[in-house]
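Only one chain is shown below, in structure tokens, and it's the form predicted alone.
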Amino acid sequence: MYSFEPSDEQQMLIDVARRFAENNLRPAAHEAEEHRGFDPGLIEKGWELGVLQASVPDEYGGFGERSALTSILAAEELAWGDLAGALAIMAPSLFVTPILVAGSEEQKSQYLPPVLEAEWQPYTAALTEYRYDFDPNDLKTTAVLDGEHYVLTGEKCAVPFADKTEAMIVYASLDGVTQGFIVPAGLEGVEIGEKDKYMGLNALPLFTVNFNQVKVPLENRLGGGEGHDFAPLLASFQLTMAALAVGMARASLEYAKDYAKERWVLGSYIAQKQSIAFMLAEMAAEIEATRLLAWQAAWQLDNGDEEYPTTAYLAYMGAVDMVMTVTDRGVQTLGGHGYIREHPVELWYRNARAISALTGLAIV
């Protein structure tokens, strides 16, 4: 049975991430959204928290051991500050974590130290596709074995920092099975499109990437010649997105609750109105339910419980509905003020849609 009390190490990481989110991310979020990008110095400062480095053994450039539970605790706090900022800071994990989890020993030794021992660098991954019925286990991007290479063909969307990346992991269907491929920058046939425009996450540079008969060496298949099991990676994507949703929903609830306690209308604070009080209570209950399910999924993943894929999926699906409900009600609580940009609840509401639409944006 897992404990509901974080360890001393976990609490220290939570506290550090929370301070950074409160003092750095949250104050910068509005301007970053309006001007479509964060100050690189702020991203570097977030990278120096060492969340990713603490989950990688020292022989690969880190200083800890992987714990999905510890990492999602930190991710939740960062998302409380700002989702786009959290995703920007965590982007290198899209490259590092799959190699750590599923890569061969040669791939770990070759690719991980240059990322972890340096300043923040734009490493990334390409999973999501432009399809209304997008399914990570049924990708339209394909990989075909051709002599000494795999040939990648297809289109990906919402790839963070694709225009500047040093390398990315591209997920494609190989004989009907989802596999990852390490694609260095500059390979012939990789075409980076214009920066995508979405209803939210404008502070995070996301790009469409086309792969036109891109030849990838055999040794760049994640896991080597035998490949890898995609299930642990998909579960990690899902529980990470669930944790990020919890952080953003918490932010909306706390802001709405504080506003309701201060807003005086017709002789009382609106927090004393039954309709508002009940709505805030329901928001809190939904957040806690999703939070506990995400914790359970992460604990199961860390401890090798075979039920982790199911629990991670349930956490993710619950988070999709929860975060939209909570952020919508955050806007409702503020009334007309919720619709203007002076208050952050409208940004959280717009960003919340990314949880369901863009599965492959974060992994721990």
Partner chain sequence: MISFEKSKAVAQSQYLTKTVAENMMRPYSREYDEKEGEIPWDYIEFMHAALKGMGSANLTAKEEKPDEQKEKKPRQAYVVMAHQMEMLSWGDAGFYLCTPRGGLGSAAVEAAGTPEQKEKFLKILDGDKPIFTAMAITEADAGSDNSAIKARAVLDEETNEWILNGEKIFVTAGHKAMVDTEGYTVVWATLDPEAGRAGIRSFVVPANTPGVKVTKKEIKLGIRSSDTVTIVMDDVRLPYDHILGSPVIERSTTGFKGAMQTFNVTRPLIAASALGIGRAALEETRRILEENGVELRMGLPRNKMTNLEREIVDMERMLRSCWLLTLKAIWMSDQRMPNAKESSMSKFYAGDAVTKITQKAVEILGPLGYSREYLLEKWMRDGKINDIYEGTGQINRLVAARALLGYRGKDLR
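Positions refer to the first chain, counted from 1. Remember, it's a predicted structure, so these values are computed and weren't measured experimentally.
If you look for the form predicted together with the partner chain, you will not find it shown, but the lines that follow are about it.
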query	finding
Interface membership of A289, the partner chain in the model of the complex, 4.5 Å heavy atom rule	yes
4.5 Å heavy atom contact, K273 to the partner chain in the model of the complex	yes
Close approach of L314 to the partner chain in the model of the complex, 4.5 Å, heavy atom	yes
In the model of the complex, S55 touching the partner chain (heavy atom, 4.5 Å)	no
Contact segment among 194-202, 276-284, 103-111, 212-220, judged by heavy atoms lying within 4.5 Å of the partner chain in the model of the complex	276-284
In the model of the complex, the one of E44, E59, E65, D321 near the partner chain [non-hydrogen atom within 4.5 angstroms]	D321
Listed residue (F230, F134, Y255, F161) with a non-hydrogen atom within 4.5 angstroms of the partner chain in the model of the complex	F134
